[in-house]
Each structure stands twice: as structure tokens, then as C-alpha cells.
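Okay, here we've got a single chain as C-alpha cells, the form predicted on its own, with questions on binding and movement later.
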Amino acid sequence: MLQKTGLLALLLMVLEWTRPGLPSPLRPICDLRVLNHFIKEARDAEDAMKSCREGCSLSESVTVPQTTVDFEIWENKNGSEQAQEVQSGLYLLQQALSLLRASVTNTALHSHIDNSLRNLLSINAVLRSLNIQEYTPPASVAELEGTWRVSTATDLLQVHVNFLRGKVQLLLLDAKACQQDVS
């Protein structure tokens, strides 16, 4: 009798989930808690850099994406243009963080920078899973619009945090695959 009750309960749960009129749950790839975790780790790296006193400088200035968002301009861009802007920013951040990793001699910071690099790769994987076209970097970063240069590691990590909180989050929030279906 206990097995029949368990099967009946399972059947009722399945029927409840498939009942018309209920919004479908978000795809796990669209769960912003993952991005929020990446943002927290980026803030941790920024905080660690701020407290670093030795062996934590950037060897040369680097090109990074603009982090400010003019919402009127952003909303007027199509999804492909928004994705291209985010992907170019992720590319610039990967290049800049790789240079930072090579120039920092403070081993305590290496794990923070490595986490940030892994997280950027994960975000790129998320974008691919949302069927966003693969990004092809230009021959020169000078060809990219909406960039500026930073010369300190702290500024670089602040741009990293702000870019995740801004354009990356906006792109994921607006992704068609992440919209809940309401019947």
C-alpha cells in the first residue's frame, strides 16, 4: 500500500507541474544566482586587491569595456548587438585579467584572478547554451567601440564587477530562452 501511495503522490506532482496555466520554471542556465555568485567572487577579488600592499600591480595599462549603460540605447539594440557588446567586453576582460595574472607576484591574489578567469569562461559557456553566436575577436582591440584604458589592478577589477552587474546581467535578463512562459 505504501508503494501505491508513493506512486500516486509522484503522479500528482507530475500532473501539477504539467497543468496548463502555470508558468514553467526557469531553465537552470538562466538562474541569476549563478551570476550573482560570480559577481560576489569578482568583488572578493577586488577587495583582496585593495588590501594588497606588495606584488599586486598591473605591468601595463589595458583596454577594458565601458561599464555604463544608457538604457535607452541598450533597449534600442537588438539581441544580437547586445550579445556582441557583452562578448567583446568579456573578451577584453579575459585579456586584461590574463595580463594581471602574469604581472601579479602576490600568490594570494592568484586564486582570485584564476576564479575570475574561470567565471568569465563559464559566462561564455552560458551564452553559447543560449544559442548566442560564437564571438570572433577582432585583429586589434583598437577596432572595438565602447572601450577605455585602465592602468591599475584595482580599476581593472572594479570594471570587472561593474560589467558583470551591468551589461552581462541585462543580457541574461532579456534572453528569450530565460523568459518564463505564461499560458
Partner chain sequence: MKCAHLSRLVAVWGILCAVWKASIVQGARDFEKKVSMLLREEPQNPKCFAEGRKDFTCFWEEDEERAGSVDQYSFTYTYQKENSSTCPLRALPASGGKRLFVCRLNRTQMFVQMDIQVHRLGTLIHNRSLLIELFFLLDPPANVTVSRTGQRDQVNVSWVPPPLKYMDDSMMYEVSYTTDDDSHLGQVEVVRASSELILRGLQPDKKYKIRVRVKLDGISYNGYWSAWSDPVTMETLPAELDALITCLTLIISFILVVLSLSMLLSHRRFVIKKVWPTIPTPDSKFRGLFTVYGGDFQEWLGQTNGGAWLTPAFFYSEECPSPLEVLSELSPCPPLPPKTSRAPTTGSAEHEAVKPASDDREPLESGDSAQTQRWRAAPHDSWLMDRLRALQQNPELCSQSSLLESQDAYVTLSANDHTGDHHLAGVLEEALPLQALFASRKTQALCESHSDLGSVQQSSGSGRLSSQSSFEYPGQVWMPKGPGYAYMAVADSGVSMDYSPMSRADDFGKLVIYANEIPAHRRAFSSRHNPIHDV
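The structure displayed is predicted, hence computed values, not measured ones. Positions refer to the first chain, counted from 1.
The discussion below concerns the form predicted in complex with the partner chain, not included here.
A.B. asks: Given the stretches 123 to 131, 110 to 118, 51 to 59, 143 to 151, which is the single one in contact with the partner chain in the predicted complex, using a heavy atom cutoff of 4.5 Å?
C.D. replies: Stretch 143 to 151 is the one.
A.B. asks: Give a yes/no on whether residue 68 approaches the partner chain to within 4.5 Å in the predicted complex, heavy atoms considered.
C.D. replies: Output for residue 68 is yes: heavy atoms within 4.5 Å of the partner chain.
A.B. asks: At the 4.5 Å heavy atom threshold, is residue 75 in contact with the partner chain in the predicted complex?
C.D. replies: Answer yes; at least one heavy atom of residue 75 falls within 4.5 Å of the partner chain in the predicted complex.
A.B. asks: Counting only non-hydrogen atoms and a 4.5 angstroms cut-off, does residue 158 reach the partner chain in the predicted complex?
C.D. replies: Judged by the heavy-atom cut-off of 4.5 Å, residue 158 is in contact with the partner chain in the predicted complex.
A.B. asks: May I ask you to list the residues of 155 to 175 that have any heavy atom within 4.5 angstroms of the partner chain in the predicted complex, in sequence order?
C.D. replies: Those in contact are 158, 162, 165, 166, 169, 170, 173, 174.
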